[in-house]
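Starting off, we have a lone chain in the form predicted on its own, written out as structure tokens.
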């Protein structure tokens, strides 16, 4: 069990909660083999309600639920009655009437998971809401760092790129701060949130300095689909000044790099570095399944028999 019976925000997670997730994720990682199923959610129904496109998050939650023996199904808003004008709350009540206990929700509107949680007795897990939060991504990122370094307290992590539009950045700053990690951000001034002073982070304007300072860098996707015109002169200029390339790894071969995906190769990250041993992008994907298994197991334990 976690301290709150849902996960809507990274603020819902205490340090003890996070390490419970790590412990459970490690158990699943060490004991899973192809074809193995755990019975943690046997008899529990999980709805993957994705109102926004997703590959990694949706597939990893789907795999996680199946490996825990849950009954799971996907809800696609584009082929639902929402396209005919049905309200979000009526859609929730329709799904709830089918006996669903856990809702994994991604929505393009910030706060949607909170609204749904207020109107259900089930469990809502935020799988990304607008530009607000993505707490399960922060869990898998910190778990990846934990498995790599063996500890987190005192670690230095620089988050580089499009901070303004990134729900991943917001959740990671909260989780990493909770775990005693020193966090810095590096971004063009136009892609820095207005109230960054409240984030408890160090500002490093130059990407070379950020790499030199950090034990690990977390590179963010440049979110062109969320961007307003005029925020950047050109993509090439952003890449030249804030992209990570092989020169950074030549200067610092032990640099650890994370990226939540999908990657804009040639913009925030050179393709040349994708296969370096300390570039943990595929490891993050693997860890995403186990951390989400852990979260579903811990939150869903009140429903399982």
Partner chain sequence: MKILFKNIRLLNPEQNLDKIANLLIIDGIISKISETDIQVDNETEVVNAENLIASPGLFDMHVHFREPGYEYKETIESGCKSAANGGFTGVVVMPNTNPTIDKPEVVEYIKQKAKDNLVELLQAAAITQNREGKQLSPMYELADHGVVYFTDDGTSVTDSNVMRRAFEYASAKDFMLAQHAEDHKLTENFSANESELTGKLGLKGYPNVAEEIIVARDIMLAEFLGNRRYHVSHISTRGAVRIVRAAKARGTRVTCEVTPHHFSLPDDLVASYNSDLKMNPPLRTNDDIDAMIDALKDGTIDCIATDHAPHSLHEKNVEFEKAPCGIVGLETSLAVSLTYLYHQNHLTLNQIIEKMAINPRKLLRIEVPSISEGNSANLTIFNPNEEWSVNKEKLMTKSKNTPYNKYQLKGKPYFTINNNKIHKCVL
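Positions refer to the first chain, counted from 1. The shown structure was predicted, so the numbers you read here are calculated from the model rather than taken from an experiment.
What comes next is about the form predicted in complex with its partner chain, which does not appear here.
Residue (of 148, 156, 131, 202) lying close to its partner chain in the model of the complex, criterion heavy atoms within 4.5 Å: After the contact test, the surviving option is 131.
Please state whether all three residues 108, 111 and 170 have a non-hydrogen atom within 4.5 angstroms of its partner chain in the model of the complex. Yes, because 108, 111 and 170 each have a heavy atom that approaches its partner chain to within 4.5 Å in the model of the complex.
Options 135-143, 96-104, 203-211, 190-198; stretch whose heavy atom lies within 4.5 Å of its partner chain in the model of the complex: Within 4.5 Å of the partner lies stretch 190-198.
Just to confirm, residue 234 within 4.5 Å of its partner chain in the model of the complex by heavy atoms? Result no; residue 234 lies far from its partner chain in the model of the complex.
Partner proximity in the model of the complex: residue 178 to its partner chain, non-hydrogen atom cutoff 4.5 Å: Answer no; every heavy atom of residue 178 is more than 4.5 Å from its partner chain in the model of the complex.
Could you confirm whether residue 73 comes within 4.5 Å of its partner chain in the model of the complex, counting heavy atoms only? No, residue 73 sits far enough from its partner chain in the model of the complex that none of its heavy atoms falls within 4.5 Å.
Classify residue 184 as contacting or not contacting its partner chain in the model of the complex by the rule of any non-hydrogen atom within 4.5 angstroms, answering yes or no. So residue 184 does not count as contacting its partner chain.
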